[in-house]
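In the block that follows, a single chain appears as structure tokens, in the form predicted alone.
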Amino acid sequence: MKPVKNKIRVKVPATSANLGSGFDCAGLAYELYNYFEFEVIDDGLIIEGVDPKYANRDNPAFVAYSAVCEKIGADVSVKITILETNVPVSRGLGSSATLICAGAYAANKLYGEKLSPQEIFEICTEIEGHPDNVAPALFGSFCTSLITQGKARTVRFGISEKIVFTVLIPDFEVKTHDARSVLPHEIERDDAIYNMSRIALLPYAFEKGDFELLKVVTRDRLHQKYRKKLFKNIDDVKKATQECGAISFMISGAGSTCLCLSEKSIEKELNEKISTMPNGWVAKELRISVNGTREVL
């Protein structure tokens, strides 16, 4: 199969998953992007712009690229260039999802979009292992997702422009494996009901910008209280966000980034408060990425 074009550049947004009550099933995308270039070559694999130890066939961008090519019967020989990385690694902002979505999206575009967006989403979810980051990374905005009978499904919702999103990024990492290892194998029924009732109203709260409801539906009993032990001075950081007017505070994905919601911009004031704290916390206000993964023309 011949490609319809030989080269493509794509951008993929950072994401926050879980969003409090939406453990492993909710996520949103930001206007903070990683940029990639994919070029069809005659033979082999070339990966540039990364540490040499990641420039191999195990790179998630190539794994996703080759998965699409093999499904449609295209050659997998490609040169991948990581042009620009703005999404920090191992910080709970979906850096691995950017690689996977970039590879799958690029392969499909280069060979004439033989697969539907749903099929690309399923491939990305299978590689990532869960859909909460890849759904908003691909489709943008706010997504809730599930896996049924081995297939991923997602629904995209709008997000009110009234909500201000501020991420807090420290200088330490939290590995996803560690974040999952501290979770209990069994949960109390009351905790399950607590989260289920809140995730049911989470999309409505984000769409409407209902701040009173957001205070409630972004709370959690399934993962954050167990993961706090992996974070340094998180309680002090949370207190600082509340003093600045944040109405909600949560861990972004598995961390170490945290996220707060507010009715006004608090980035400057918050950075002043946390600048003297240990662990290099930096607050950054981010806008929502409405479109998700896209070709850069």
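In this text, residue numbers run from 1 along the sequence as written. Quick caveat: nothing in here was measured; it's all calculated off a predicted structure.
What comes next is about the form predicted together with a small molecule, which is not displayed.
A heavy atom within 4.5 Å of the small molecule in the predicted complex is found for one listed residue only; from H130, R221, K71, K114, this is H130. Checking A254, C258, C244, V237 for any heavy atom within 4.5 Å of the small molecule in the predicted complex turns up a single hit: A254. In the predicted complex, R180 approaches the small molecule with a heavy atom inside 4.5 Å. Interface membership of T176, defined by any non-hydrogen atom within 4.5 Å of the small molecule in the predicted complex, is confirmed. At least one heavy atom of A17 is located within 4.5 Å of the small molecule in the predicted complex. In the predicted complex, the small molecule lies within 4.5 Å of some heavy atom of D24. Comment: 246-254 is the region of 38-46, 268-276, 51-59, 246-254 lying near the small molecule in the predicted complex, near meaning a non-hydrogen atom within 4.5 Å.
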